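Here we start with a single chain on its own, the form predicted alone, put down as structure tokens.
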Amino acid sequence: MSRKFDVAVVGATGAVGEVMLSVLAQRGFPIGSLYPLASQRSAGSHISFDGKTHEVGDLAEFDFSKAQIGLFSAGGSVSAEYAPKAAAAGCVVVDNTSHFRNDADIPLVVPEVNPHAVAGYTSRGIIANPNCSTIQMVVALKPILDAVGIERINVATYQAVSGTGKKAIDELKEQSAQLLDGQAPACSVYPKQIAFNALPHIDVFMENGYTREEMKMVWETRKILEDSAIQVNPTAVRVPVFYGHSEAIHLETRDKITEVAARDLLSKAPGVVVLDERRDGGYATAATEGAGEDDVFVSRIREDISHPRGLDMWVVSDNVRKGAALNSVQIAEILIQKYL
């Protein structure tokens, strides 16, 4: 493509923003002018992109009519204020926060699953990027859904601290060092120690006893898969892993599918790598396969011995790449290829 597009990256100095910039460069996105943006606190600092140094601009002062595409990853309150302003200025926003995901007139897109939904950007000039744990799950489930339908999803997630941000990454490092040195861990990001522990608590608790992170998976899965009848029962757990979410998924399909057929479907699915050998180490993990990679890895595929139409699998992916930055850039690629 010879045409180039001017791109604003909002939250350019954050954990996801930094990866967005690297993904844009790695995938050769046709950028004319790049506008890295952040809060006043970070404005004036410099980032490196594709071999060049760029000064970080002040989001509050930026004129969004300069950009055709805005990649937002600076928090829900920032998106709530600035995404509509950007859209009104003619800049199509791909928003990585949860702020717009449940709005009926905002498309919620995973390119391997529902790329056609991008067309809905014309409603408000905004496209929502789903929750990281939802993204990797629906990428793995889409081939199964198309083949035999899905009635119910039971999922337990094991989510990396990078999903919370840089401060959480630092807290895991610091607590690990403190505990190994015989000191009591200092907790500031999480309510209990995360080092050498697992916290069954991500986001705020809702009235029904589920957390908001868990309910995001319910709402978003139905919207992306375009099937409000699918029942989703999640438990979201934070674990002491830096990058890469893992999920134990137990499906109840509408029609029976064998593990052989499921493995064959998944091995041909876009964005999926099947690593499923029944031997020691013959499976994907967050640290050894997921981190730093773009694909969704599927392992432990087996027929559920407790349900006649049950199928189980283990799904791993890098939450900051596929779960955030890469998915956003893939949405932008569809935009420029088909709509802008």
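This one's a predicted model, so the numbers in the text were calculated from it and none came from an experiment. Note that residue numbering begins at 1 and tracks the sequence as displayed.
What comes next is about the form predicted in complex with adenosine-2'-5'-diphosphate (A2P), which is not displayed.
**Prompt:** How does the site look for adenosine-2'-5'-diphosphate (A2P) after superposition from its pose in the predicted bound form: open, or blocked with 3 or more ligand atoms within 2.4 Å of a backbone or C-beta atom?
**Reply:** If you fit adenosine-2'-5'-diphosphate (A2P) onto this chain using the C-alphas around its site, the pocket comes out open.
**Message:** Please identify the residue among Lys173, Lys166, Arg212, Arg263 with any heavy atom within 4.5 Å of adenosine-2'-5'-diphosphate (A2P) in the predicted bound form.
**Reply:** Going through each option in turn, the one that passes is Lys166.
**Request:** Note which of Gln68, Ser299, Thr285, Ser39 lies within 4.5 Å of adenosine-2'-5'-diphosphate (A2P) in the predicted bound form, where distance is taken over heavy atoms; exactly one does.
**Result:** Answer to the contact question: Ser39.
**Message:** Each of Ser246, Leu251 and Met313 having a non-hydrogen atom within 4.5 Å of adenosine-2'-5'-diphosphate (A2P) in the predicted bound form: is that the case here?
**Reply:** No.
**Asked** Using a 4.5 Å heavy atom cut-off, which stretch among 71-79, 218-226, 173-181, 121-129 contacts adenosine-2'-5'-diphosphate (A2P) in the predicted bound form?
**Response** Going through the listed ranges, the match is 71-79.
**Request:** Examine Ser22 and determine whether its closest non-hydrogen atom to adenosine-2'-5'-diphosphate (A2P) in the predicted bound form is within 4.5 angstroms.
**Result:** So Ser22 does not count as contacting adenosine-2'-5'-diphosphate (A2P).
**Asked** Quick one: does Ala12 come within 4.5 Å of adenosine-2'-5'-diphosphate (A2P) in the predicted bound form, counting heavy atoms only?
**Response** Yes, Ala12 lies within 4.5 Å of adenosine-2'-5'-diphosphate (A2P) in the predicted bound form.
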